[in-house]
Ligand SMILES: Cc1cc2nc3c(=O)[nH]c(=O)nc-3n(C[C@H](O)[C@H](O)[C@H](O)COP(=O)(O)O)c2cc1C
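Just one chain follows, in the form predicted alone, and it is written as structure tokens.
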């Protein structure tokens, strides 16, 4: 429905036509309805700049959004028209039940709002400038891309940072660099439909003690990734020098990695692996999208520590954390 201001029957006709086309496209997926209100040279300009979309690209974007949020519903709150220009203010609701922009379904409902500034030509929308794009739906779910988070931080601090990203380092050099970094070995775990899931991860770090925050970085192609993304909590197990076989299990493609693993549940149900050097259960607070990986920022809610020495990893080999002898 529209609660906007109208000043002429021509404008009322435009508003009625616009509402019908938007309802057909955004609420029912009948995207071709937007062709009836758009000029041949239609362009859509986003908030982030860059190349504008043509009409076909815009329709593809709607299809992609509706695929991730099949029950999407948009209400036009008001339209303010003045000759060949108009402003459209709207509210969208939807439930994230399918994968969208590489993010597995969370089952959460969101509400977002935005506005479009349109320029008309012969009564049709010729140019559209928008304050919103599909990533706003992810932001409403508490999911941000790492680049957006960095940009927001720069805005807050008013600090200008110039980074030369014109070239890429040699892949072999990057691999050699990473091999020189000594880490522990963790298994990150969660539950899915009552079954334990997990994967080996060495991209773990403590962020702070007050509050107790940690982070893990997980590749999106992992079979555990969808379950982990949908969870509210996860377990992080620092493997001990006694768990060389456990590493092999969780680095494998096995469909039941817990079949021969002794484990118990944390207070929120996350699998904690027995004989680990240390185990924590943490609440997932933020999920940052970083191209091929997602960075999970978590607040620790439960911790267990043993006196078993940890395992150490460097350059594809495992070592005893007590004396650094090879395992």
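Remember, it's a predicted structure, so these values are computed and weren't measured experimentally. Numbering follows the first chain given and starts at 1.
Missing here is the form predicted together with the named molecule; even so, the following discussion is about that form.
Would you classify residue 257 as touching the named molecule in the predicted bound form, given a 4.5 Å non-hydrogen atom cut-off?
Because a heavy atom of residue 257 falls inside 4.5 Å of the named molecule in the predicted bound form, the answer is yes.
So in the predicted bound form, does any heavy atom of residue 73 sit within 4.5 Å of the named molecule?
The answer is no: residue 73 has no heavy atom within 4.5 Å of the named molecule.
Looking in the predicted bound form, any heavy atom of residue 207 within 4.5 Å of the named molecule?
Residue 207: no, not in contact with the named molecule in the predicted bound form.
Is there any non-hydrogen atom of residue 91 lying within 4.5 Å of the named molecule in the predicted bound form?
Residue 91: no contact with the named molecule in the predicted bound form.
Go through 113, 202, 97, 139 and name the one with a heavy atom inside 4.5 Å of the named molecule in the predicted bound form.
Of the listed residues, the single hit is 202.
Single option in 191, 103, 218, 215 placed near the named molecule in the predicted bound form, where near means a heavy atom within 4.5 Å:
That would be 218.
Since the chain is shown here on its own, which stretch among 103-111, 123-131, 218-226, 171-179 would lie within 4.5 Å of the named molecule in the predicted bound form, judged by heavy atoms?
Result of the contact check: 218-226.
Using a 4.5 Å cut-off on any heavy atom, which residues of 239-268 would contact the named molecule in the predicted bound form?
Heavy-atom contacts within 4.5 Å come from 247, 250, 251, 252, 253, 257.
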